[in-house]
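Single chain ahead, by itself, as C-alpha cells, in the form predicted alone.
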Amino acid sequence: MSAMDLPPHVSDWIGKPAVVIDHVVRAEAGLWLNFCAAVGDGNPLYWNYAAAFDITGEAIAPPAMLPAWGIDHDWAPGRAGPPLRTLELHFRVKEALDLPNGLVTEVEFAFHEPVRAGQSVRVEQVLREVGPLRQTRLGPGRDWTIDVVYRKPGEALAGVQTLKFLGYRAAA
C-alpha cells in the first residue's frame, strides 16, 4: 500500500478536522499555578495579576499548557460512548493502516494568542500527510503528520501542535 492507495476513509481525513474536542476544560489559574510550581516557572505573567495586567491586560495561562485545555474527560454526564483518547486521530490512523505500534518522532509547537482564565479551546486534529509503506529497523511502517489546532472562543487561533509519527508492525 503506497501513500496514493490509502484506504478511502484515511484519505478523507487528510487536510480537514477528523477529530474535534469542543471546549471541554476551562483554563483556571489554580490549575496552571500547580503546573508552574511543578516545573519551577516563576513568570509573573502567570503568578502576579498586577504585573500581568500591566503587560497583557490580565494573567495568561502558560503556553505549554495548551494541550491540557483540550483533553476529553474519562467520564462526562450524558456521554453515550467512550471518551476520545488523547491524540485520537493517531490511534485511528494506526488501526486503519494495521500498524499496531507507533511513536512520536518530532513535535513542533507554534503559539499564537494566549489563553486566559475562564477561556476554553476547541481542538481539531487534522491528518496532514501519510507517507508510503517502507521498511524500518523496527519492521514495516509508515510516517504520518498530524496538526492539532487549538482555537479559542470566536475561532481565534491559540496554537498549532504538529506531531510526526512512525507507525509500524514489529518485525518477526
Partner chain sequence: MITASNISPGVRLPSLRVQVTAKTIIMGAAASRDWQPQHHDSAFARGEAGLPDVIMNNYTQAGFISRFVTDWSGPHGRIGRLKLRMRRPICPGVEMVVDGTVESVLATVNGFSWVDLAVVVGAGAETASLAEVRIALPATAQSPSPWACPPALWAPAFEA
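Residue numbers count along the first chain shown, from 1. Keep in mind that what you see is a predicted model, and the values were worked out from it rather than measured. What we label the rigid core is the largest C-alpha set whose atoms superpose within 1.5 Å from one form to the other.
There is another form of this protein, the form predicted in complex with the partner chain, and it is not shown here; the text below is about that form.
### Contact flag, Val20 vs the partner chain in the predicted bound form, heavy atom cut 4.5 Å
Val20 lies outside the contact set for the partner chain.
### Message
Although the partner isn't part of this model, could you tell me whether Pro132 comes within 4.5 Å of the partner chain in the predicted bound form, counting any heavy atom of the residue?
### Response
No, Pro132 sits far enough from the partner chain in the predicted bound form that none of its heavy atoms falls within 4.5 Å.
### Message
When the contact criterion is heavy atoms within 4.5 Å, does Gly118 count as touching the partner chain in the predicted bound form?
### Response
Result no; Gly118 lies far from the partner chain in the predicted bound form.
### Query
So in the predicted bound form, does any heavy atom of Thr136 sit within 4.5 Å of the partner chain?
Thr136: no, not in contact with the partner chain in the predicted bound form.
### Query
Are there residues in 90-108 with a heavy atom within 4.5 Å of the partner chain in the predicted bound form, and which are they, in order?
If the 4.5 Å heavy-atom criterion is applied to the partner chain in the predicted bound form, 90-108 yields Phe91, Asn101, Gly102, Leu103, Val104, Thr105, Glu106, Val107, Glu108.
### Message
How about Ala59 - superposed on the rigid core, does its CA move between this form and the one not shown by 2 Å or more?
### Response
Superposed on the core, Ala59 moves its C-alpha 2 Å or more between this form and the one not shown.
### Query
Arg85: CA shift of at least 2 Å between this form and the one not shown after core fit?
Comparing the forms between this form and the one not shown, which are aligned on their rigid core, Arg85 does not shift its C-alpha by 2 Å or more.
### Message
How about Phe109 - superposed on the rigid core, does its CA move between this form and the one not shown by 2 Å or more?
### Response
Result for Phe109: no, shift under 2 Å.
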